[in-house]
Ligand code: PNS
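Let's start with one chain on its own, the form predicted on its own, as structure tokens.
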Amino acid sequence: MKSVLYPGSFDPFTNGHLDLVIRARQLFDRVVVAVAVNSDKRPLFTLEERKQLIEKSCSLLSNVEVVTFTGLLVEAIDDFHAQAVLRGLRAFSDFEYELQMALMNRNLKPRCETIFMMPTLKNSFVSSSRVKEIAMLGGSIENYVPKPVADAVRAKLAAGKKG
């Protein structure tokens, strides 16, 4: 069984992320969405909340598993029995960072292959950061995230205003 590990902070999980999961299912027997901690970011949702939102968003998709992990990505590849890492590239500016990460991962684990996929044109400009910014400023995010995520973002922001 060929598996791909799709790591990210996914805060929040967007339609661009979902698009890559759906398309990766056509290439691999199993897609493991691996929710990670990114120490450079201040997440809106906890690790477990992000995992649950992705599970809800992918509930109708077979052969998709959602997990959490901490530590090195190359260790997660072994832990989750993946043959490759999936990364999305929205713009040329993403490429330099992703290339450096892919080369570092391969240096740490020579069998670590990285597959790059481009989003559909409809999702090419969508990012978690922009979605959070739009939501915090009162804008509609329904076109950019799955419904369970939109509902959770609204609830989280409403709870923050009360507290």
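Heads up: residue numbers just count along the shown sequence, starting at 1. What you see is a predicted model; the values in this text were computed from it and never measured.
Another form, the form predicted in complex with this ligand, is not on view; read the next lines as being about it.
In summary, the region of this chain contacting this ligand in the predicted complex, judged by heavy atoms within 4.5 Å and restricted to 104 to 112, 119 to 127, 53 to 61, 132 to 140, corresponds to 104 to 112. Among residues of the shown chain, Phe28 is not one whose heavy atoms approach this ligand to within 4.5 Å in the predicted complex. Contact between Val67 and this ligand in the predicted complex is not found at the 4.5 Å heavy atom cutoff. Contact check for Leu73: a non-hydrogen atom falls within 4.5 Å of this ligand in the predicted complex. At the 4.5 Å threshold, heavy atoms of Leu47 stay clear of this ligand in the predicted complex, well away from it.
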